[in-house]
Ligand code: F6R
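One chain comes next, on its own, written as C-alpha cells: the form predicted on its own.
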Amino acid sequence: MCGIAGYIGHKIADQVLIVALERLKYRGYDSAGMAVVRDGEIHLRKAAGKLKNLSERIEAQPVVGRCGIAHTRWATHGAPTETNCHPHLSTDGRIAVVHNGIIENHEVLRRELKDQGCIFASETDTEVIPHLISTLYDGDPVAAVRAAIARLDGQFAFAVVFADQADRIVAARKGSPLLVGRGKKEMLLASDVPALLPHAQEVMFLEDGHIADFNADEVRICSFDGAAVAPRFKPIEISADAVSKGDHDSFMSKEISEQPEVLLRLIESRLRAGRLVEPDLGLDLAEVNHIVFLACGTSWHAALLGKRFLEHLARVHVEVDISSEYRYRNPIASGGTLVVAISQSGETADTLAGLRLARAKFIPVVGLVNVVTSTIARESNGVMPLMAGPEIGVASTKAYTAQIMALYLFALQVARAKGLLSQPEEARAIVSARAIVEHAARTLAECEDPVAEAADIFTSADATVFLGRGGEHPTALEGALKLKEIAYVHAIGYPAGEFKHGPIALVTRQLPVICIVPRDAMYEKMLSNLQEVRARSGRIITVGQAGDRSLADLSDHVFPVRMAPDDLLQPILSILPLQRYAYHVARRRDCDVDQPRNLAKSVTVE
C-alpha cells in the first residue's frame, strides 16, 4: 500500500513529485503530501482526499526547491486526514519521513519518545520514525537511520530528508518495495517504475536490508549493518505511453481493451518454432507430483482455474491456498511438491510471506508475476512472466486473463514433461490458445451494447448473484468481485449446484442473477438453474453463445461471448462482458473505476 516518491536534481522538485504521485496513486489515494528542502528548512504541503487537492494547494503555495520526498496514502493507522497524511516531521521540524509498511512496535516507541520530550501530532505508526531518528542524529544521516532501524519491528520502506542536508535523501527497505532511478544529473526514488518516468533512464531495485544514500550525482548503498554494497542499475524498459490512458476515459477501460494483444504477446513468448518452450524454472517438471498455488483476490480465482488445468491435463494433485491462511498453518512439505506464487505486482505481502515459508521448508517456488523485477520474482527459484504490461487500474483485468492463459500453458508443459501430451495434442492446444486472441477481440466488440443496456437497467440494484459451474465457478467469483470492487454493489458468486442449498432464498423480482452458461458439459444443468431462478421471478442475465434460443427464452438479457475451441479456455472469454458490466455499472453510479474507495492496487502490508 501507499506510494513513495523522491527527487533530487536540477528541476523544481514539487512538479516532478506531483507527476510521480499521479503515477503512484493506484497504491493509495486517501491523502497526499510532500516535503521539500530549501534554504535550510523543510517546507511541508499536505491535503486529505484525492491528489488534486494537494496539487491545488501547491499551486496556491508553491515550493521552489530541488530536493524533496512525497507520499500518497492508503490509511492503516489513523483516519485519512490531513494530520495523519505523510510526510511526518520530527518535533523540531528538521527531519521529514514518508513511509510504507507497518511499524509493529510503534506504541512502545511512542511512549518512550514522549518521555524524551517528542511531541506527536498524528495517530500514525509512521510518526515514530522521524522522532526516533531525531534523537539519534548527530550530523550523520545514514548513521542515524541505521540506529533507528535497529529499534523498528515490522516491515517498511521509508525515505528521509534533513533540513541541514539539502542535497541528500536517505531511504531504507525491509519488506516493502523501493526503487532508485537515475537520470542526467538527477536521482529519483519511487515505489514503482512508472513514477520514475520520464526523468530516469535507469533503475535500481533496493534490496531488503539495504539503505540508499544519494544526491543528484551518485548513490551509495549499504546494508543495515553498515557494509558497503555496489549499486546495480539496469535500463528502464517501459515507456511513459504505457502508463497513460491514451484515448480511454480510464485505465480500467484501456486495460480491458488490451486483453487480446496481451494474450497474443504471452502465447508467442512461450513458443519457439510453433512448439512450447520448456520454462527455465530450475526444476524437473516430470518430478513434480504436488502443486500448491498461493494467491489472493483475483489471483486466487485464476489459481482455481490453474488447478482445473493441471488436474485435467497433467494429472497432478493441486491445492489452492489463500496466501494469508497458508502462512499461519504448518503445511506439509513432501518430495515432489512445487509452490507457485501468483501475484500481479509480485509484491503482495501475504503471498510473499507464504513463499518464504515454503522456501524455509526447502520447497521450490515458482513466481507467476507481471513484474519480473519484483520481490516475488527475485526470491523464487524460477519465474513465469505474464507479459501484460503495466496494470494501473486497481481492479485487475488484463492480468487476470493473462494469468489464466499462463496457467494453461504451464499445465501443457507439465503434461508434456510427464509424457501425457503427444505432439499432435500439443499442436491442437496451441491452435486453441491462439484462437482465443481473435475470439476475445470479437467478444469485447459484440458484447458492448447488450452489456451497456443491462447496466442501464440494473445500476440501482443493491445486490447481484453470479452463478457458474465447473470452470465458470471462478468466473462467477471474479465477476462478483469486480462488481464489488468498483461499483460497491453487494455481489456474490456461487457454484450453481450449491444455489438450491440455501442461497436461492435470496431470489426476488429485484435481484439480478448473472449466469455463465457456455455450451459445455454443464450446459443442460445450467439451464435447470435458470429455470429455478425464473420460477421465482428473478431477473436473469446470461453469459453465453450468441443466437442460443434456449438462453434467449429464459433470460432477460444475454451477454454474447464466442465459444473457445477448448472448453478449458472458455473462462477467458466469459469474464470479458462481466468486466465491462462492472465498469458500466460503476460509471453510472458515479464511482471512480480506477481508484475505488478503500482499495489499493498492491497489498504490501498484512
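All figures in this text were calculated on a predicted structure; none of them were measured in a lab. Note that residue numbering begins at 1 and tracks the sequence as displayed.
What comes next is about the form predicted in complex with fructose -6-phosphate, which is not displayed.
Just one of Gln165, Asn529, Ser345, Gln413 comes within 4.5 Å of fructose -6-phosphate in the predicted complex, counting any heavy atom, and that one is Ser345. Between fructose -6-phosphate and the residues Val489, Leu281, Ala171, Val394, the one pair within 4.5 Å by heavy atoms in the predicted complex involves Val394. Fructose -6-phosphate is not shown here, and in the predicted complex it never comes within 4.5 Å of any heavy atom of Pro260. Mapping the unseen interface onto this chain, His86 falls outside it, with no heavy atom inside 4.5 Å of fructose -6-phosphate in the predicted complex. Although the partner is absent here, Cys296 lies within 4.5 Å of fructose -6-phosphate in the predicted complex, judged by heavy atoms.
A residue is said to contact a partner when one of its heavy atoms sits within 4.5 Å of a partner heavy atom; Leu481 meets this definition for fructose -6-phosphate in the predicted complex. The stretch in contact with fructose -6-phosphate in the predicted complex, judged by heavy atoms within 4.5 Å, is 337-345, chosen from 270-278, 122-130, 337-345, 75-83.
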